[in-house]
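What follows is a single chain, given as C-alpha cells, in the form predicted alone.
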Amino acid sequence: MLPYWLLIPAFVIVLATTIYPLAYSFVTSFREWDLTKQRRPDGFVGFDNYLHAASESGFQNSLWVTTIFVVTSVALTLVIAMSLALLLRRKGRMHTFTRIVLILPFAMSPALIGVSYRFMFNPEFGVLAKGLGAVFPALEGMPWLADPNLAMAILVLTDVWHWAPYMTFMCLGGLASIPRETEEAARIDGASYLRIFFGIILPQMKGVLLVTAVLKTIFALKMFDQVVTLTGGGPGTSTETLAFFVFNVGFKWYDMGYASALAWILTAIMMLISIWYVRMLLSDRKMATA
C-alpha cells in the first residue's frame, strides 16, 4: 500500500486546486449568484445562464472577436514557425546563437509583452510608432491602439511573436524525423524545392502540424494577459476576447453564475476543437498505415 499512500498528498492537492473548483463552478453555472446582492449562491435557475449567453450581444461579440483572433493567430503562427524551422534546419555559423535568441520571446511573460508593446506603440514616445512614422510619414502620430482594426492586428502580432518560437522548435523536431535520403533522391530526379516541400516534407509533417495547431488553438482561446495589459478589450469591445469577457462578467459585474456558465462554454469549445483535431490526426495515421 506504500505507493498509494505516497500518492495521497498529490491527490489532495489536485482535488483542492483543480477538481473541487471545477465541480463547484459547474454547479454554480446553474445557479443565480450576484455578489452585489448575496454572499452565497442563490437557488437553481436551470439553463437560464446558458440561454442568456445565446441571446446576449456581449457574448456574441466576444465570440466573434475570439474567432477572428484564433484563426489569424493560429494561421500566422504555423506559417512563420514552419518557415523558421526550414531555415534553421540548414546548419550555419550562427545556428546555435539563432536558436538561443529565438527562444527569448517565449521566455517572456505574456503580461510583460502586452505592457512592452503598449509602450512601443504609444504615438508620443513609442519606439515602433516613431520608427514607422519616420519611414512612412503618413503614419506619424497614428493612434495605433485607438483604432479597432489596428488594435486587433497588434494583439495578433504580439501573440504570434510570443508563440512562434515555441512552435518553431516543435516543427524542428518533426523535420528531424524526416529521412534526408528521400529528399536527396527527389533532388537527383530533378524535383524543385517547392515540389519536395509539398510532396515529401509537408505530408510527413501533417501529424506534427496538427498537434501544433491544437496546442496553439487552445492557447489562443485562453488569451487573457495581453488583452488586459495591451488593449484592455478596447477600443470599445473590439478586442474583448471570450476569456476577458468571462473575467469582466465575474469580477467587474460580479455575476458569478453567468460567468461560470460562460467559462464552461469556453471549456466546451476547446474540448470540441481538440476532439476534431484528434480525429483528424487519427484518421491521417490510419490512412498512412493502410
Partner chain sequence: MKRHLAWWGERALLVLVSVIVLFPIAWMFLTAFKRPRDAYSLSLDFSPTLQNFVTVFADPWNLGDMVLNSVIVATVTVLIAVPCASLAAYSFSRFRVRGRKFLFFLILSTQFIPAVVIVLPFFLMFRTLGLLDTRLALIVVNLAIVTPFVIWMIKGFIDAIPTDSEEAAMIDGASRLRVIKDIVLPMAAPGILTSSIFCFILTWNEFLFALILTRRDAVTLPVGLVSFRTERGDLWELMSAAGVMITVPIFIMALLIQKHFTRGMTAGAVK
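Numbering follows the first chain given and starts at 1. We call the rigid core whatever largest set of C-alpha positions still superposes within 1.5 Å between the two forms. The structure displayed is predicted, hence computed values, not measured ones.
Note that the form predicted together with its partner chain isn't included here; everything after this is about it.
* Is there any non-hydrogen atom of residue 263 lying within 4.5 Å of its partner chain in the predicted bound form? -> Because a heavy atom of residue 263 falls inside 4.5 Å of its partner chain in the predicted bound form, the answer is yes.
* To do: Would you check, heavy atoms only and a 4.5 Å threshold, whether residue 247 touches its partner chain in the predicted bound form?
  => So residue 247 counts as contacting its partner chain.
* Asked: Is there any non-hydrogen atom of residue 161 lying within 4.5 Å of its partner chain in the predicted bound form?
  -> Answer yes; at least one heavy atom of residue 161 falls within 4.5 Å of its partner chain in the predicted bound form.
* Asked: Does any heavy atom of residue 117 come within 4.5 Å of a heavy atom of its partner chain in the predicted bound form?
  -> Flag for residue 117 set to yes.
* To do: Identify, from the list 173, 179, 137, 190, the residue with a heavy atom within 4.5 Å of its partner chain in the predicted bound form.
  => For this set of options, the contacting one is 173.
* Tell me the stretch among 71-79, 194-202, 146-154, 122-130 that has any heavy atom within 4.5 angstroms of its partner chain in the predicted bound form. => Of the stretches listed, the one contacting the partner is 122-130.
* Can we say 13, 35 and 110 each have a non-hydrogen atom within 4.5 Å of its partner chain in the predicted bound form? -> All of them do, each having a heavy atom within 4.5 Å of the partner.
* Quick one: name the residues from 4-24 with any non-hydrogen atom within 4.5 angstroms of its partner chain in the predicted bound form. => Sequence-ordered list: 4, 6, 7, 9, 10, 11, 13, 14, 16, 17, 18, 19, 20, 21, 22, 24.
* Asked: Quick one: core overlaid, is residue 147 moving 2 Å or more at the Cα between this form and the one not shown?
  -> The answer is no, as the C-alpha of residue 147 shifts between this form and the one not shown by less than 2 Å after core alignment.
* Asked: Taking the rigid core as the reference frame, is the Cα of residue 14 displaced by 2 Å or more between this form and the one not shown?
  -> Yes: residue 14 shifts by at least 2 Å between this form and the one not shown.
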